[in-house]
Structures are given as C-alpha cells and as structure tokens.
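The chain below stands alone, shown as structure tokens; this is the form predicted alone.
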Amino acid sequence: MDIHTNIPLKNYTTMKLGGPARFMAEVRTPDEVATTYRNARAQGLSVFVLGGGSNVIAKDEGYNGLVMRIRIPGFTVIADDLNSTTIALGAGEDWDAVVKRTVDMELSGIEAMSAIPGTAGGTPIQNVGAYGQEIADTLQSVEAYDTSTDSFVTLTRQECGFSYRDSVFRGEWAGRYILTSLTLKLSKTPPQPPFYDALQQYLDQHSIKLYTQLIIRDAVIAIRANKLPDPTVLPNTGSFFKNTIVETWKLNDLKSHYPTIPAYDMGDGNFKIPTGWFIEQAGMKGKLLHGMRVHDKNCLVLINESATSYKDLVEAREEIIGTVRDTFGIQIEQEPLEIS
C-alpha cells in the first residue's frame, strides 16, 4: 500500500474542485483500512474516507489529513434459494458494475439504481436511491471498521437508521465507521408495476409491457442519460440538492398558492416535493451562477461550467437556496458531503 502526498482533490471528485490532500492512500483489504487508520491517528492526522468522489465536495484549502480511498473488491453469493439470492459486496466495487452483474443474474431489487456513479460502499451512507428503489430496501447488513473501538463490526439494516437520503453514517455516527463490505438480498421475481412515475411514463411512451430486470435497467439508463449529465464530460455531483420533505400543513399552504405543485405521499403525514420544481419555478433553470450552471433538464443538478474554486460553488449554492427560501418559504438542503 502506497501513501502519496500533496494530491489534488479536484482530480478525485466529479465536481472537479478542491485543493490538495496532504496524504492519500488506497486500501484494498479490511486489514489495510485498520492499519492505515491507526497509523494516521498515531501521527495526529484526521482521516476522510473517499469512494468514487461522485457525492462529495472538496474545498479550496484541500484536506490537511489523510484521504483513504476505498478500493476493496468482492462479489460473492453467500446464500441462494428459490426466491432470493444474497450477495456480499466489497465496498470498493463500482456500483453500476454491481447492478449490471445482478441484472445479468436476473435478480431484482437494484435494477432501477443503474448508472449511479460511485462505489458500493458509498450507497448506505446516504441511503442512495432512484426511480422507486433505495439501498435500504435490499441491504441486510454492513461490515465496518469501528474507529472508536478499533474493531470490526457487523451492523444490521435496522442499526443503519435509514431514512430519506440519510443514515446514521451521515448523522450521529458520522466518521465513526469505515464500511468495508455490504450484504444485499435480491429477489428472483421479475420487476412488478406500478413503477415510479418517470419510469412508468418512459415505459408507456415506448409501449413496453414486458418487464424484466434488463428492460428496467435499460430504461433507467436512457432516462438518466437524458436528464443527468455524464460527470466525466460535464463536472457535477448528480443531484446537488435533496428533494424536499414537508408536512401536510405546509403542503396545503403551498397548494393554496400553487395548485399543481407535484407531491408524493411518504407516509406518516410527510410528502416529498421535487426540489428541482422549486428551483425551476423560481426562475433559475439553466442559469449560470458564479461559473455553476443549473442544468436545464434537471434543476437539481449543478454543472461546473467555469467555476475554479469552492467559493464559486458556495456563492451559487447560496443564491439558489436564498431564492427558493424567499419565494416559497422552503429551506432546501445540499446533498453531497464535504471533505473537512
């Protein structure tokens, strides 16, 4: 295992911003995770764990510690019966490659999460999801290095504390656990309608009545290609803002002014409203703000068109947040984590 110094974080994050990491190491086994972490802490260094860099933002000053890039491989069937297959994944596996492999095995549960950049180990952190599926639906457990006890532990799905685009790994236990593997239980039953609205509309428009894992995967890839820019071509982090969750009273208040506002019942008196709708209605669709372009096909996405600093991104972000707050009385939230 090599440790490198003064590595530009802009080269390892899809927004292509950020100064240097003082140290960077790639780890390929759980033991390397533990050893690297112990050595860094013994030197008084803070540690930031990085996967594919697709859902993180780096600051201009970089990171005065050690960035640990997780590259742990693994794809193993650990249980199989008439109805399901359970698979253990190394945290460093490319997520879309995992999805493709499960689709090739005719397994259901993550096919609608196709074409999401990043690593498998990053998916539980923010409970990644798309088109009606999220990792919490199929995850059984995670293996992790517990930095507080210097030991490896297994955490069940319930212990992960999943909620909409959130988990204990972003909240109360942020920084405590370094995920090394995860276990998913996938179904052998073909995908069943009704599907997520955007996906169902695509299927209807293309007169698709046969639903297989591959057909759903191909449909999702086509939808995403139309709505989400490729980060290898146009620097971005995918959805930069979380969709908005409001209570019934707030939705009713919004509907009194905006009768056609889209909303999805989340249960327990909560409703999800697409944050891109707020941004578009506030007149910011397609706008260039401090070098950041609000994507004209999906207002949740900010594209780094000419920004050269984290400061540019912050100014664009705050202008969007402020405009939405002033227009609708809604405080929208950033989705990507920040390296700090």
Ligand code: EPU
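All residue numbers are counted from 1 along the displayed sequence. Just so we're clear, the structure is a prediction, and the values are computed from it rather than from any experiment.
The next section is about a form of this same protein that is not shown, the form predicted in complex with this ligand.
Per the 4.5 Å heavy atom criterion, this ligand in the model of the complex is contacted by stretch 295 to 303, the sole one of 295 to 303, 43 to 51, 310 to 318, 30 to 38.
196 is the sole member of 196, 162, 177, 202 with a non-hydrogen atom lying within 4.5 angstroms of this ligand in the model of the complex. Between the options 100, 71, 242, 250, the residue in contact with this ligand in the model of the complex by a heavy atom within 4.5 angstroms is 242. The candidate site formed by 95, 122 and 235 is entirely out of contact with this ligand in the model of the complex, as no residue has a non-hydrogen atom within 4.5 angstroms of it. In the model of the complex, this ligand lies farther than 4.5 Å from every heavy atom of residue 170. Though the partner is left out of this view, residue 26 does not reach within 4.5 Å of this ligand in the model of the complex, counting heavy atoms only. For residue 75, no non-hydrogen atom is located within 4.5 Å of this ligand in the model of the complex, even though that partner is not displayed. Interface residue remark: residue 88 is not counted as part of the site for this ligand in the model of the complex, having no heavy atom within 4.5 Å. Contacts with this ligand in the model of the complex, taken as any heavy atom within 4.5 Å, map within 261 to 292 to 262, 264, 274, 276, 277, 280.
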